[in-house]
Structures are given as C-alpha cells and as structure tokens.
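Take a look at the structure tokens below, where one protein chain is shown in two forms, each on its own, as structure 1 and structure 2.
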Structure 1
Amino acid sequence: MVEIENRNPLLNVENLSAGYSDHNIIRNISLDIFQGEIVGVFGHNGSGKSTFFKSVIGLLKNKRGIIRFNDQEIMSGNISDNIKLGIGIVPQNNNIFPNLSVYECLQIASLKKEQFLIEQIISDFPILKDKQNQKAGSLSGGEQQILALAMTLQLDPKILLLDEPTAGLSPNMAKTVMELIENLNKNFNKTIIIIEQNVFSALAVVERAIIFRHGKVVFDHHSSKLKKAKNLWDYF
C-alpha cells in the first residue's frame, strides 16, 4: 500500500470483498487513495477493476468490508447519496445523451450546481466550443469522452473515476484525452483513478500504478517502478 506524508486518505478501502450473487470478484482488498493523486488501475478482463469502481459508488449489494470516502462510509444501494459526497464517475459507455446537443448535455449536468457556468466549462474544453450546438451522438468517440468528462466536472467532484477513457480511440485522440486528464490533475488538483487497458498510454500520466489479478491487488507502487520493469507483463 502506498502512503503519502501520513495524510488521511480521501478514499479508504478496508478488507473489501465484492461481486455478484454468491460469487466474489474481488477479495480482501485494502488500499488508500490520497488527495491530488492520479492513479492507474490495470489488469486483465475479469481481474476486478470494474467491480472495484462499482463498489466505490455503492452499486454492488454483495459486499463485505468498509469503504470510506472523505471520512464517510459508502453504503451499498445509496448510489445517488454516495455520488453527492463528491464522487464523479465516467463509465466507458452510455455516458452522454446522444440525441441532445453538447450544450444541452452540459445544461442537464449543471442543473443541481447552477454556480458552475457552462461557458466556463466550455472555455476549459475548447474542443467542445465549436461543437456546442452539435448533437452529442454525432461527435467522435474521443470528443464524446471529453464531453462526458466535462459533464461530470459540472458536479465539482473531489475524485474522478474514469473507466477506460481511451477505449476505441485513435492514438492521437487517446493522447489528447490523456493529456486533458493529466491537466485536470496537475492544474486543478483533481484526484483521479483511471481504469485503462492501454497500460503504456496511462503510465505516461499516472504517478501510481495498481494491478489487479484474480480479484486481488498484486502491485501498488509508484508508476516509475512499472515503467522500469524488464518484463512488465510478469506483473499481470
């Protein structure tokens, strides 16, 4: 487990086991995430990455262990209340309103946070500025991911959970999305956890790497250790 300057963690996970019906996907996981970290979560399909994210927002009822966010316990089934604590999640799919314009998507996302001006969000995401009247579903895959991220930021989350933000994107657009994520971390001090299959792309921006294997955390260190590994895939 990585610790930072003895600070209290923003997200604290203790002995977490979770899954579906009677089958646990993740088993006895304990880890802390600290304010301002940018963390990459890696592992093969079925290793437990998405189950971990679902547990953090309280989506799974089959859960044992404790999850605390900002010193408040995450309760299973109370997804709306958990997100209101300051957890922003951008799922891999179905993360925009394809039949609405970009501007309308941002309007819907800002309804409960009127102090966040849509114009400010658009200025922070210039790639959306010229397309604000365009239907969201007509955007490229990368632009849709950026819109989904912008919509989530309307809620001013303390932590962002990003589920494979570069999946299906071209190399250039994947790089653009990753650079945007890095900017949010460095310039706005957003705590970010990224699930990503493109390990090398993510390692270019994350400071800490966590690897899941068969439902357990088998690696949790500074990302530089993974970058220097002679055979990175041995960890998987």
Structure 2
Amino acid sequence: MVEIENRNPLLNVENLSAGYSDHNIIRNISLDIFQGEIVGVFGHNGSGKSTFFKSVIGLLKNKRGIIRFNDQEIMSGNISDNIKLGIGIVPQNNNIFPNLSVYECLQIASLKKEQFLIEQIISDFPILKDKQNQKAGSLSGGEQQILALAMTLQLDPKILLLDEPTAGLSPNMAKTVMELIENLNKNFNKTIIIIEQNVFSALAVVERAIIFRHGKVVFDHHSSKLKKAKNLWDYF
C-alpha cells in the first residue's frame, strides 16, 4: 500500500463484496482513502470500478462488509442520507437535470447548503455563467460534465467520486476538465477518487493508483510506479 498512515482514513472499506441481485461484482476488497488524496481507479469494463462507487454512496442493496466515511457507517439504500455525510458523486451518465436550466440545476444542487455558493460557483466556471439560462440537456458533453462537477461542488463535499469525467469529450475539453479536477485537489484540498479509462491522462493528475481486476484490488501504489512501468497493461 502507499504508505502507513497514522491518521484516520476519510473513507474506510473493509471486506466489501457487492453486486446486483445475487451476483457479486466486487469481492472482498479493503482499502483506505485519506483526506486530501487524489486517487485514480482503473480497470477493464466490468472489473467493479463503478460498482465500488455505487457501494460507497449506498446504492447497492446486495452488499457485505463495512464502508465507513468519516467514522460513520454507510447504510445501503439510504443514498440521500449518505450524501449528507459529505460525499459528492458525479455519475458517468445522467449527471445533470436535462430539462432544467443551468441555474436551476445549481439551485437544486445547493438546496441543502447556503445560497451564496451558487454565485461563487458561477463566477468560478465562466462557461456556465454565459449559459445559465440554457437548458442543461442542450449543453455540449464537456459543458455538461463541468456543470455536473459544479453541481456536486455545491454540496461542499469532503470527498468527490468522479466516474469517467472525460468520457466522450474532445481532447481539449478533457484536458480542461482534468485541470479543473487537479485544481480542486491542490487548491481546495478536496479528496478525489477518479475512475478513468484514459489511464495516461489520469496518471498525470493522480497521486495514487488503484487497479481493479475481476472485482479485486490487484494494484494499490503511488501513481509514479504505474507511470514508470515498462509494460503498463500487465497490471490490468
């Protein structure tokens, strides 16, 4: 593992197995995520990356093992309460309210927080400022990702779970999104876990890399180890 930490982990996963109906996708994984980390989660399709995220927010009912966030246990089937503990998630798809305006999306995202955040977020994201009256569903893919990220930030989460934030984006837009994520970690001390198919672009940003294979963690080290690897794909 990366290093022995003396402090308490922000997210603590112990012997987690989870999946759909009676089929487990992830099997008996244990890991800790600490405050301020930026972690990349990699693996082939079906290796259990998204299932891991779903377990963390309590979306999956078929779950064994324990997930603790900030020392509080995550309960299955109670997503809204789990989110209130300080978890922000940007799902890969359907991550905005397509029929509402950009402003309304941000407004809904901030229902549980103070109103002033909206104005701040809008000024932080110039792309959104110009389009705040536009329907979210009519934004481009990259703009939608940025909006989704901005919406999640309204929750002022302690940890951000980002599921393939650059999927389907142009290289330029993907770069912008990645810079934004890096900025959130470096300058706002947000703990971030990113699932990414584009391993190289993510490795440029993350400090720690975790690889899932067939529902198990097969690699969990500093990202530099993966960067230096001669044959990266041997790990997958």
Partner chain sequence: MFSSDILLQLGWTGLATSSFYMLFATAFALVLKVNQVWNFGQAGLMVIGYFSCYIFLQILDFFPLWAILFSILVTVFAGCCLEKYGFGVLRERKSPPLTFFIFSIVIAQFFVFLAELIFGTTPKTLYPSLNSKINLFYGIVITNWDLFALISSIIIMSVLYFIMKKTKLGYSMTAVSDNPELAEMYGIKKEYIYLYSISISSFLLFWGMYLFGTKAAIFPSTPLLQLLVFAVIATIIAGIGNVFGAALAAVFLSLLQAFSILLIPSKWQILIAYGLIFFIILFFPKGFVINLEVFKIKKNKGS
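Remember, predicted model here, so these are calculated numbers, not experimental data. We call the rigid core the largest set of C-alpha positions that still match within 1.5 Å between the two forms. Please note that residue numbering is based on structure 1, beginning with 1 at the start of its sequence.
Between the two copies of this chain, it is structure 2 that is the form predicted together with the partner chain.
The Cα position of residue 135 changes by 2.5 Å between the two structures once both are aligned on the rigid core.
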